[in-house]
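We begin with a single chain expressed as structure tokens, specifically the form predicted on its own.
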């Protein structure tokens, strides 16, 4: 059974050799990699920039196959979108560890001049390619991907100068694949986190960011926050000292503000004192309206939420989300829309009724879920996480992975806040369940129908159809 214990130096060295043996590119020595990081200017050091910021920083998603095009894309996002932090989004083949297919797609992209991959194949570009990218752009860059087994990707990109690495053993397993057991991915990510910890111990702090949106569809805030804190705890065990807890917008302003505040409070409380905790708010991850004007409305609501609650950074969206991968211009436009709203609200004080009550409900639920994990593992977070998911004490809606029951069912209440219509075996107390039930009954009375899966289906498509709550008869 997997355990939440720090890998020894000898274990890390042995794993490192094994990981690099599978690489289609040349390896790089750890000492050489540390030296490269040490040579980077302060404004490219991700954790330092994020943790010292006095305002909400903006960061988009973006990745194309060819190196020069990726550099051009990132420069466009800083020059035309005023992005504070930059991404490098990894292609799907790399996420599946299919490096030969990624290489074929990269070569085809070079031949045709078209983007034959949906992201940047960092492993195939190798350490030297990654360093060229880091040197060419003028802001800190993060690896954003979706890889359950991210060991080689982490080895290459951290050696290549990236100083922030997204994802984790739960958040990049359950929402993405049915291929891996949870215990298996926890072991894989222990290497990622211990490698990050090794850089940190040499004076190169690597920022780690659990993927808060999870399945991206009506995820209850308490579930997302509990899972992110678990991944933060697992990373801290391996020596990570910079953790950014993530949360995906659900669309109700009060609930989103309460959730970010709860996540910040609980993250600081549960993670070790030596860990610096920051927060990231993801703009809406569900279906977007196809009409770009309406899509900009969704983006603006996310920006307004961030302006009120002030997370450390916000992941922006573009008005072309419904059409697939956005153009660089559209991506920059989404950044500007977000930046405009943030600036307009930055000097305004906004008080929202009900935030404290909602935050209390979220915090109470998160504590209950974390207690169940600690109890299931007799204090060991790794063992407890596996056991909690096996028993359904911890669960996520709509998972492709069999490692989660998927027995919880979310729906919006009459105000558009995400509640649970079905709890499965989720470890929350009866009073919390009664609150969720009562709020959904109120909506059912308003709509003259019974609480049912029809509500869930209506809510999934509501925002792309121009509403927040999926009401009967909506077009």
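Numbering follows the first chain given and starts at 1. The structure presented is a predicted model; accordingly, all values stated were derived computationally and were not measured.
Keep in mind that the form predicted together with another copy of the chain is not shown, yet the notes after this line are about it.
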item	value
Candidate spot 254, 293 and 300, all three touching another copy of the chain in the model of the complex (heavy atom, 4.5 Å)	yes
In the model of the complex, segment of 309-317, 67-75, 244-252, 135-143 with a heavy atom within 4.5 Å of another copy of the chain	244-252
Partner-contacting position among 360, 371, 390, 82 - heavy atom within 4.5 Å of another copy of the chain in the model of the complex	82
Single option in 337, 190, 365, 283 placed near another copy of the chain in the model of the complex, where near means a heavy atom within 4.5 Å	337
Proximity of residue 289 to another copy of the chain in the model of the complex, heavy atoms at 4.5 Å	yes
In the model of the complex, residue 343 touching another copy of the chain (heavy atom, 4.5 Å)	yes
Close approach of residue 271 to another copy of the chain in the model of the complex, 4.5 Å, heavy atom	no
Distance check, residue 333 to another copy of the chain in the model of the complex, heavy atom within 4.5 Å	yes
